[in-house]
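Before any questions on binding or motion, here is one chain by itself as structure tokens, the form predicted on its own.
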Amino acid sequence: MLIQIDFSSDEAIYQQLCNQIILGIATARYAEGEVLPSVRQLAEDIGINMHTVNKAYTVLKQEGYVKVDRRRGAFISVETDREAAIRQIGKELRILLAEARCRNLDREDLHAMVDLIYDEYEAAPGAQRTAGGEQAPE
């Protein structure tokens, strides 16, 4: 698992870890059902506290990106409740759009940014998805 943590960032390490895993899922670097390293192993690999990794896994579980099984450990399992996702992302997007508006970014700037980022995700190796959101057969 390739995780890059910026120790000089103001962003909390557990949040960076969450974001890296979510980005890995979006770009198909991490696949549905893929087992994540144990808390101890990932903490050792990155050089961070085990409690930090545990917090990240807990947040990812709460947000519906991973499941935890006593035998298998943590593994990628994205919850696909579309209505819940729309509500949650809409809530977060509302704040981001307010920030953009305060900084005088217009609709076209934001649409261009969204298109560019979405294109990057779709261009990632193995990231082709069907209209329903599931991984397309290769």
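Since the model is a prediction, treat every value here as computed from it, not as a measurement. Numbers follow the displayed sequence, beginning with 1.
Although it is not shown, the form predicted together with another copy of the chain is what the next lines describe.
K.L.:
Decide yes or no: are Leu2, Ala43 and Val68 jointly within 4.5 Å of another copy of the chain in the model of the complex, with each residue judged by its heavy atoms?
P.N.:
No, the candidate spot makes no contact with another copy of the chain.
K.L.:
Indicate whether another copy of the chain has at least one heavy atom within 4.5 Å of a heavy atom of Gly90 in the model of the complex.
P.N.:
It does: once another copy of the chain is placed as it appears in the model of the complex, Gly90 has a heavy atom within 4.5 Å of it.
K.L.:
Answer with yes or no whether Met50 is in contact with another copy of the chain in the model of the complex, where contact means some heavy atom within 4.5 Å.
P.N.:
No - in the model of the complex, heavy atoms of Met50 and another copy of the chain never come within 4.5 Å of each other.
K.L.:
Should Ala12 be counted as a contact of another copy of the chain in the model of the complex, where contact means heavy atoms within 4.5 Å?
P.N.:
It does not: once another copy of the chain is placed as it appears in the model of the complex, Ala12 has no heavy atom within 4.5 Å of it.
K.L.:
So in the model of the complex, does any heavy atom of Gly64 sit within 4.5 Å of another copy of the chain?
P.N.:
Yes, Gly64 is a contact residue.
K.L.:
Quick one: which residues from 100 to 121 get a non-hydrogen atom within 4.5 Å of another copy of the chain in the model of the complex?
P.N.:
Heavy-atom contacts within 4.5 Å come from Ala100, Arg101, Cys102, Arg103, Asn104, Leu105, Asp106, Arg107, Asp109, Leu110, His111, Met113, Val114, Asp115, Ile117, Tyr118, Asp119, Glu120, Tyr121.
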